[in-house]
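Only one chain is given next, in C-alpha cells, and it is the form predicted alone.
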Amino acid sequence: MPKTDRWNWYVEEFAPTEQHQHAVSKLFFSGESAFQQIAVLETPVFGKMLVLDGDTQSSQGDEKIYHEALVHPALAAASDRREVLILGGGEGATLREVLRCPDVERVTMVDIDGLVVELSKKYLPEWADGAFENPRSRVIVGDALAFMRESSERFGVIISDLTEPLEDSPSNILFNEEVFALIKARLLEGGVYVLQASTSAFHNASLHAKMARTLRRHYRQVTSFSHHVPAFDTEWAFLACSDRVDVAALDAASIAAYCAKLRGESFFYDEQTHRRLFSLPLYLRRMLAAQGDTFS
C-alpha cells in the first residue's frame, strides 16, 4: 500500500493503466489463506471492505446493492424457493438476503475458503447479520465442485457468488461447460440459476459476454442485468438462467408481492429497481448479441 503523510492507500488495479485508490483508515487483517490473499480494511468513504487477491469484494457502504441484486430477482421469479444453494458467498451477505424470504426452508452455502468465513464473522458481522447461526442455514466449508458431484440434492434456486474466473482465482475451475452442466443437473425443473458475471462497462464487458454466450448452450432463457456498484468503480453484471422463466419479464405486481414478504427493510431492490436492472444500454445489448468466445 502506498503511503502519504496522512494516509496509507489501498490501490486496486483494473488494468496496467487504470487504478482506483482508497485511503485506509484501519487495517483489520492482511494475510493469505491456502487459496487467496485476503485483506479486511476500513476506508473513510465506503467503511469496512473485504479484498481478495487485490480486488474489492464488498464494502459496508454499498454491499446491499450487489447482494440484493444478486439474490432477489432470481428468488422473486422462482416457482420453488424452499431449497436454495449458494456457491461461494463467504462473507455471509448473500446468505443473509436469501434468509429474508420466509418461503426458504433451507439454504446451503458452500465456500472453499474457511478463513474468509471466519474473518467475516469476526470483522464483518454486519454482512451476515446472524445468518450463519440461523437454523435454516447449512454452511459447508469445502469445494463447491465436489459438493455438486457428490450430492444428489436439487434446488429451486442456485446462486453463484464466486470470484471472477481469472487464471489465478480459486473459482476458475468452476467456469466451464462441464460445471455448467453439473449446476443445471442440481437445479429443479423450471428453477433459476443466477450468477455474478463480471463487469459490464463499455470497456470491460468482454468476460461477461463470454459467460452469457456459454450459458445459452444450457438454458432457454439467459438474461443479463447490471447496475453500478460505487465501491467497484464500474458497472457490475449478473446473469439469470432458466428453462422456464424469463426473469427480466417478471411483472411488477409479482415483484411487489414478493418484496412485501421479505423480512427487514430493503435498501436497493423493488419493482422499479427490477426494471432498471434489466434495461441494458445499447452497447451491451450489441456485445451480447455478437458472436465471440465461449468457455470450453
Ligand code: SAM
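The numbering used is simple: start at 1 and walk along the sequence shown. If you're wondering where the values come from, they're calculated on a predicted model, not measured in any experiment.
Form predicted together with this ligand: not shown, discussed below.
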Counting heavy atoms only and using a 4.5 Å cut-off, do L50, D143 and E164 all touch this ligand in the model of the complex? yes
Flag P73 as yes or no: does it have a non-hydrogen atom within 4.5 angstroms of any non-hydrogen atom of this ligand in the model of the complex? no
Please determine whether G191 contacts this ligand in the model of the complex, using a 4.5 Å cut-off between heavy atoms. no
Hey, in the model of the complex, is Y258 touching this ligand, heavy atoms inside 4.5 Å? no
Hey, in the model of the complex, does T43 get a heavy atom within 4.5 angstroms of this ligand? no
Options 217-225, 182-190, 113-121, 204-212; stretch whose heavy atom lies within 4.5 Å of this ligand in the model of the complex: 113-121
So which bits of 13-42 sit within 4.5 Å of this ligand in the model of the complex, heavy atoms only? Q36
